[in-house]
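Just one chain follows, in the form predicted on its own, and it is written as structure tokens.
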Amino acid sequence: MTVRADAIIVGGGIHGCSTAVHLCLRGLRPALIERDYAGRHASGVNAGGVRQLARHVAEIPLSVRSMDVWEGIQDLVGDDCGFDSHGQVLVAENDEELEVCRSRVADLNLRGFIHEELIDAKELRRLVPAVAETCPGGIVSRRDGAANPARTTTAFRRRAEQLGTIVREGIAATNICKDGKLWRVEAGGETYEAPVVVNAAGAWGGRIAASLGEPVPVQTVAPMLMITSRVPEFIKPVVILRGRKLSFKQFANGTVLIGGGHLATPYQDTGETILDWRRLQESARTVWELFPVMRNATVVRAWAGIEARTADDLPVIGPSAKHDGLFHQFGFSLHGFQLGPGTGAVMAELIATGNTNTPIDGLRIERFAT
């Protein structure tokens, strides 16, 4: 059986689902193919940070655009996705780190970006009262926040299907090739045809790019997270560190989510991960040192999801450098959740019009051509 569509999206994470929603809003009918289920890995099991803070300059325009989408998320997908905007704070643990923060904010201001604001010790303790007294300040991005990743990805998937997307879950896309002006993808005994293919396959995106003659230096990784027992409310913003690896978020029920980039061992072919408990212990000790209020809390559970990290820690976004009708959208390197809503809008623009007003030159696949 052959199924015709306006675009075939390979990958049902937040990026693939967001692209499907925005293509539908432009009057196109995409097909979305997901080997597992929407949000099974990176999109559904990350820390949920909605963060403009501390991004590489090449990502900032896309992050700023995505934040505009986040602030209207209820209208877009019919669900607030658990999004709150209590801000995100980057904590400097000493004067040397604070000086790095000062230089960064000054540089961003010169480039025209004003979302990051340098704060002193007094403002840091107003925002994060429980932080250690030794911390001299940091940076705040006040529009930032957090959302529920599984709920968000599911909301985008549901909205995409409501708008007319053909959704196929539990089947892998295979034999991706171009025949004349049409791309063909086999999945679950069916053949899908469309003038456009979007490679939004997350950890599997590198394999697809390589099979089509556009190899990208990409590593399969599995960032770990853990959640604690309930403690009295002591923090509203999300906290990250300037030096050591840590991200930190307290939920309304008192539990605390701890992440920061320590990695489990991934098995890409089976979709399984093995946690590194010594690394998790490092994260727990960092929290113990910086937030005395957490010293009686216990770790309730921990997990990891598989995703792709590129050699330069930046995603691959935009049209193929080699094939008409092929677009890449993968390699988000442990920080792609916030970018999902905006990246979907940008991809839909590129597919429908050939252009976008959001600068993505530093994110295109051509940067790996040499």
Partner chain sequence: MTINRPMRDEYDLAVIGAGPAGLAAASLAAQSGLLTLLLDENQGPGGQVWRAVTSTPVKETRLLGDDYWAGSKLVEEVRASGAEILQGATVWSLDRHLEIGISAGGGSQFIRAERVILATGALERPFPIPGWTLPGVMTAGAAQTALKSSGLIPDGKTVVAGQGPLFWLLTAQILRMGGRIDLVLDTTERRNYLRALPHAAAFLTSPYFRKGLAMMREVRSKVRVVSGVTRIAASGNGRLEEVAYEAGGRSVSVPADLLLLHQGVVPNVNLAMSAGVKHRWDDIQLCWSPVLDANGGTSVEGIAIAGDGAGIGGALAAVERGRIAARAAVEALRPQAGAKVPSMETFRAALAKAERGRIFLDVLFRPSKQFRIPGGDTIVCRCEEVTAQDILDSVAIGATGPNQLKAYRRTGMGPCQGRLCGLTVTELMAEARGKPPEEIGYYRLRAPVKPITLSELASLPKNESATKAVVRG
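Numbering follows the first chain given and starts at 1. Fair warning: this is a prediction, and the values are worked out from it, not measured in the lab.
The same protein also exists as the form predicted together with its partner chain; that form is not shown, yet it is the one meant from here on.
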property	result
Contacting member of Ala302, Val64, Leu314, Val69, with respect to its partner chain in the predicted bound form [4.5 Å, heavy atom]	Ala302
Contact residue in the predicted bound form, chosen from Leu246, Val216, Cys135, Ala284 - any heavy atom within 4.5 Å of its partner chain	Ala284
Segment assignment from 271 to 279, 175 to 183, 124 to 132, 232 to 240: heavy atom within 4.5 Å of its partner chain in the predicted bound form	271 to 279
Arg295 within 4.5 Å of its partner chain in the predicted bound form, heavy atoms	yes
Its partner chain contact at Val105 in the predicted bound form, heavy atom, 4.5 Å	no
Distance check, Arg40 to its partner chain in the predicted bound form, heavy atom within 4.5 Å	yes
Contact test in the predicted bound form: Ala150 vs its partner chain, heavy atoms, 4.5 Å	yes
